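Presented as structure tokens, the chain that follows is alone, the form predicted alone.
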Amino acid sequence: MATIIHITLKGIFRDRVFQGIMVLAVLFLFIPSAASLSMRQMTELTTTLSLSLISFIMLLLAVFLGATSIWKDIERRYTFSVLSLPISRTTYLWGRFFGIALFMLMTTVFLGAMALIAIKAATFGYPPSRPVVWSTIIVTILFDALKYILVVAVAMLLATVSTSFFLPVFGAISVFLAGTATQPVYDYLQTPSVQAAVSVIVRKAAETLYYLLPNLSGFDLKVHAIYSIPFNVQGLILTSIYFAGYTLIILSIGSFLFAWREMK
């Protein structure tokens, strides 16, 4: 598996993905200037913009790396050469996933460092009304990375059954959008007024989707980072366990489907 991880990382760097990320990272240099338009909340706005830029870049990476890695190998017939070696399809799939996940973490460290520099620069422009808790910002960025690694797993699951990259790409985007909305929708459906107005069938269907789709809202900790709100440690632990369990289930299903897929 280590060989597959190494090949995956090498292929990503060969495609100059990281160079593109470095170009986008230049935008962090302009965030404090843009945030200076709001003098009284310069640090808060810089934190918001920095975390949002990280999320945008990570979403692009998660969708396109997760959706196209297997598809490109099959199209270029690299998969046939690899699977002709004493390597199982499960090992190949998991190696691909861990290679992409490792690259996502490396990217997170780089983008996180750029974000911290931008936020620190903003604190010099206008002192924040509340102290900046750097550890909270770092944890927020880390859980943001876990969210998009989970999206990678979903995209790779779809790629195991798809013959083109359209289903993994648009499927991963759809799952991401739905996953960010499942918790608010579920909470809304639990209110007494809605339960009286919405039919039981609709509520049961929504609850089924709530449990099937990934709950990505639990990974969004931006409010804590922006306003220096303490974390619920138990919530962080449960979210980490959820990430590990859901990812394991998704990749296990993907391994089963990929093992039965006919290669042509």
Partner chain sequence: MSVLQRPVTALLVGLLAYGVVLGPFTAYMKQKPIEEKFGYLPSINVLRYVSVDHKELVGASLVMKVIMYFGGVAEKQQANVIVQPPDYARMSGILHGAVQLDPYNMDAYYFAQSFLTWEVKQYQMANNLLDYGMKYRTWDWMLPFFAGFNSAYFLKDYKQAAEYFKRAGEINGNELNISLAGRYMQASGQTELAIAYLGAMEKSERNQAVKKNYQIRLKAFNEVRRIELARDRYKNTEGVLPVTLDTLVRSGLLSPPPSDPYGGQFFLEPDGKVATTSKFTFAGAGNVSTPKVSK
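Keep in mind the model is a prediction, meaning the values are calculated, not measured. Residue numbers count along the first chain shown, from 1.
There is another form of this protein, the form predicted together with its partner chain, and it is not shown here; the text below is about that form.
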query	finding
Three-residue site Q41, S129 and I229 fully in contact with its partner chain in the predicted complex at 4.5 Å by heavy atom	yes
Proximity of L61 to its partner chain in the predicted complex, heavy atoms at 4.5 Å	no
Contact flag, R203 vs its partner chain in the predicted complex, heavy atom cut 4.5 Å	no
Its partner chain contact at S199 in the predicted complex, heavy atom, 4.5 Å	no
Contact of F30 with its partner chain in the predicted complex (heavy atom, 4.5 Å)	no
Contact residue in the predicted complex, chosen from L167, I138, I117, V185 - any heavy atom within 4.5 Å of its partner chain	V185
Listed residue that, although its partner chain is not shown, lies within 4.5 Å of it in the predicted complex (heavy atoms), from L212, L238, A34, V26	A34
Stretch from 155-163, 190-198, 169-177, 98-106 whose residues place a heavy atom within 4.5 Å of its partner chain in the predicted complex	169-177
Sequence-ordered residues of 184-223 touching its partner chain in the predicted complex, heavy atom within 4.5 Å	P184, V185, D220, K222, V223
